[in-house]
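One chain comes next, on its own, written as C-alpha cells: the form predicted on its own.
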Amino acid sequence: MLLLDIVLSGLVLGGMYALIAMGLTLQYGVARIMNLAYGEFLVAAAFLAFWMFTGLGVSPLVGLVVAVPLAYLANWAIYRVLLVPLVNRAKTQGQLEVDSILATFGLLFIVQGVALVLFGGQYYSYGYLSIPVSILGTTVALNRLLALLFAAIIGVGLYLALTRTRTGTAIRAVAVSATAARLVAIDVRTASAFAFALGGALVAAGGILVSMFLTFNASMGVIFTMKALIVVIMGGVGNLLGALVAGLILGLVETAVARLLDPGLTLAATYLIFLAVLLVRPTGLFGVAAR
C-alpha cells in the first residue's frame, strides 16, 4: 500500500530530522551558538558506530551508551575552551552569533578533515537488522523501525525532562531571556554549557541511529546541518515541540515527493515547504514574535 509506505518511511525520516534538530535547538536557542559544525559530529558518531560494529562486533544500539557520553564531554569541552571566550567578549547577542558562526565554521573543516584522513571520501554502510517487517501489507526494515522507536524515546524523554524538572525549567528560562534568568538566580553560563553539551549528545545519538539504515561519508555533515537548521527555524527557534512537528512534516513531504514525483526534487520540496511556512509564520510554527 503506497500511502502507508510513504507514511511509515516519512515518519522514520522525520523522526531522525526531529531528533537531530532538537540538539541544534538547544545549542542555538539556549546557548545562542550557531554551530555550523553540528552535522560533522553526527557524521563522526556514524563512523564510530560503523567502526564498532564492523571492527568490534558491537551493536549500534549498544554504541549509543558509548557515543552519547563521549559527545557530551567533547561538546562541553568545546564550549568551555573555544566558545566561552567569544561569549565573554561579545557585547550583544548578534555579535556572539557572528563570532560563533566564524569559529564553528573553522571547526567544521577540522572535524571534516580528520574524518577524510581516517576514512577517505567514499561512502560507508553496514548491515544491521535489515530484516523486512510487514505492517498492514507494507514492508519496512527492522532497523528503521528501531531507529524511529529510539528517536521517539529520546525525544519524549528530553521533552519531559525540560518541562517537568527544575533544571529543565531553568534551561527554558535562559532560552526565553538570559537577562531575566539571571535576575532569578539562574546560572546562565552553566545552563548554556549544559545545553550546548546536551545538544551535541543528541546529534551523536542521531548519527548512531541514522547510520543503521543510511549510507554516509565524511563530507555529508553540511547536509545534516542544513536540514537541522531548516527544521529549527520552521518549528520556532528554541521550541522543542516545534522541532518535532517541523521534522515530521519535512520527512513526510520529502518521502512523498521522492515516491510520487522524483527523488531529485526532494531538496526543492524542502525549501518550498520552508519558505511557505515562513511566509505564513515568520517566527516559525511555534515561534513567538519578539516584543
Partner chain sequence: MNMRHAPWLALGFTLLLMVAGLPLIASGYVLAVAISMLSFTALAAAWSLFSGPTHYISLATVAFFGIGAYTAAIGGELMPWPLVLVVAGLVGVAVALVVGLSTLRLSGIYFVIFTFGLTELVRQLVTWYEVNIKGTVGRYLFLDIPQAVIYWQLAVLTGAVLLIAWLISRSRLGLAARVIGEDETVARHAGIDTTWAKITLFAISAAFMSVTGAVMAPRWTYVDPAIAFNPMISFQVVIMALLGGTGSLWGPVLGVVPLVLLFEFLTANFPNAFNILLGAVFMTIVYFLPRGVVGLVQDWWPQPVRMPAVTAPRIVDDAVLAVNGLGKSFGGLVAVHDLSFRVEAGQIVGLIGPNGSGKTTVLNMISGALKPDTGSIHLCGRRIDGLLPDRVATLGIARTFQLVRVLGSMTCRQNVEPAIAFRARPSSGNALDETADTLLARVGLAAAKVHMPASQLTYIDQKRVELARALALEPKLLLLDEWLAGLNPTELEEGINLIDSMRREGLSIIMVEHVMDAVRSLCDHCIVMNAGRLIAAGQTTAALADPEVVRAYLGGPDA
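Residue numbers count along the first chain shown, from 1. For clarity, every value in this text was computed on a predicted model and none was experimentally measured.
Another form exists, predicted together with its partner chain; not displayed. Remarks below refer to it.
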Can we say L82, F274 and T283 each have a non-hydrogen atom within 4.5 Å of its partner chain in the predicted bound form?
-> yes
Contacting member of I135, L102, A180, L149, with respect to its partner chain in the predicted bound form [4.5 Å, heavy atom] | L102
Interface residue in the predicted bound form among A173, L145, L108, V188, criterion: non-hydrogen atom within 4.5 angstroms of its partner chain = L108
Given that the partner is absent here, does G157 sit within 4.5 Å of its partner chain in the predicted bound form, heavy atoms only?
-> no
Do V117 and its partner chain come within 4.5 Å of each other in the predicted bound form, heavy atoms counted?
-> yes
Look up in the predicted bound form whether A74 has a non-hydrogen atom within 4.5 angstroms of its partner chain, and give yes or no.
-> no
Using heavy atoms and a 4.5 Å limit, would one call I223 a contact residue for its partner chain in the predicted bound form?
-> yes
256 to 264, 64 to 72, 46 to 54, 238 to 246: which one contacts its partner chain in the predicted bound form at 4.5 Å, heavy atom to heavy atom?
-> 256 to 264
Within 180 to 213, which residues come within 4.5 Å of its partner chain in the predicted bound form, counting heavy atoms only?
-> none
